[in-house]
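Presented as structure tokens, the chain that follows is alone, the form predicted on its own.
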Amino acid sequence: MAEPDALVIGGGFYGCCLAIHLRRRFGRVLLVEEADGLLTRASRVNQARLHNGYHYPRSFLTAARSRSNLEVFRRRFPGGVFDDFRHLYAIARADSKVGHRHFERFAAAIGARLEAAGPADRRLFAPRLVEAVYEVVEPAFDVAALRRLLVGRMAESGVEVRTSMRVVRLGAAGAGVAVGFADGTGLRAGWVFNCTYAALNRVVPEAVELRPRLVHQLAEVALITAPPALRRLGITVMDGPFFSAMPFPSEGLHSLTHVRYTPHMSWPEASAPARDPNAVLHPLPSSRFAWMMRDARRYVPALEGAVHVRSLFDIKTLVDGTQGDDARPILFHRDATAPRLVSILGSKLDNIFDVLDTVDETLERA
């Protein structure tokens, strides 16, 4: 295999966008993905929410960056944005970490539109459990449409894509990076960008002491057929051990996720029994849909008629230390022993533009 100027490991949304971006600077860019398709893992198994800041009242920086990036995302990926629904945010009376006045001040501070919901929308919620309901502007994304867009743009820009290729070894090789694959082959790349999310630390050199400190969760996204009253609505109950039910456009369904029940298990990477966190996906656990629904319908009785179609499971990965305030910083880690090996972890699709700016700054300084 010929030597690429830049190799991107991971064919999720971040990896595909980065590969396209790198073609502006490098002659040969290769993207490798261990699955047999692109955007099939974490980019697909999530709420499909395009954040507009509302979700992060305890992390002003995360909220502000979400607000800033949403309109850029709309312009860059117009076919991947789904906003054919209205989105309601509700503040719970008990156990919420923010009250409705705090939420209103926070929305005003980040410049996010917040309108009191009308009587019909308020009647969807149990008044003894919900103190305020707002209509907000927060779309979803269609992962199938994004996949088509990115595959087309990679072909147009000349990015080479190889699927079913698992990287098992990385290390310094002169001014570049040596890459070893599971099939016994290898190559040398000028730069390597590791965008493998949950597998971020799996292939970095063993000698590196300053690894990113990660926490993994085995997460379930339940896909449901929403009752008629909720078909054109997204609902998010804030801000604590509550839930979201919102359109999942690529399947024509709604996703149901619950802060308490979506994570089936959580562990810091240092304590994991195996270096590959994907080991916990085999076999898959039983669904917790019934538990999610039992709690969610207390707040929104109309959810009683929801039908569970199936559940998606995958690994959700966070930077250790962000669990308390829900901050979602971008992790950008340049390897000490192989300075042209960069690991990137971003937990939200709309953060991609900050990542691309940071990559440009890194390459210009190199």
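Predicted model, so just to flag it, every value in this text is computed and none were measured. One rule holds for the numbers: they count along the sequence shown, beginning at 1.
If you look for the form predicted in complex with a small molecule, you will not find it shown, but the lines that follow are about it.
Taken together, the three residues G12, Q47 and K348 all lie with some non-hydrogen atom within 4.5 angstroms of the small molecule in the model of the complex. Although the partner is absent from this view, D335 stays clear of the small molecule in the model of the complex, with no non-hydrogen atom inside 4.5 angstroms. Contact annotation: A42 falls within 4.5 Å of the small molecule in the model of the complex, judged by heavy atom distances. Taking the partner from elsewhere, I330 is found to have every heavy atom lying beyond 4.5 Å of the small molecule in the model of the complex. Proximity of C195 to the small molecule in the model of the complex: non-hydrogen atoms within 4.5 Å are present. A219 is the sole member of A219, L124, L230, A132 with a non-hydrogen atom lying within 4.5 angstroms of the small molecule in the model of the complex.
Between the options V98, V136, V204, A199, the residue in contact with the small molecule in the model of the complex by a heavy atom within 4.5 angstroms is A199. Just one listed stretch, out of 57-65, 335-343, 302-310, 26-34, contacts the small molecule in the model of the complex at the 4.5 Å heavy atom level, and that stretch is 26-34.
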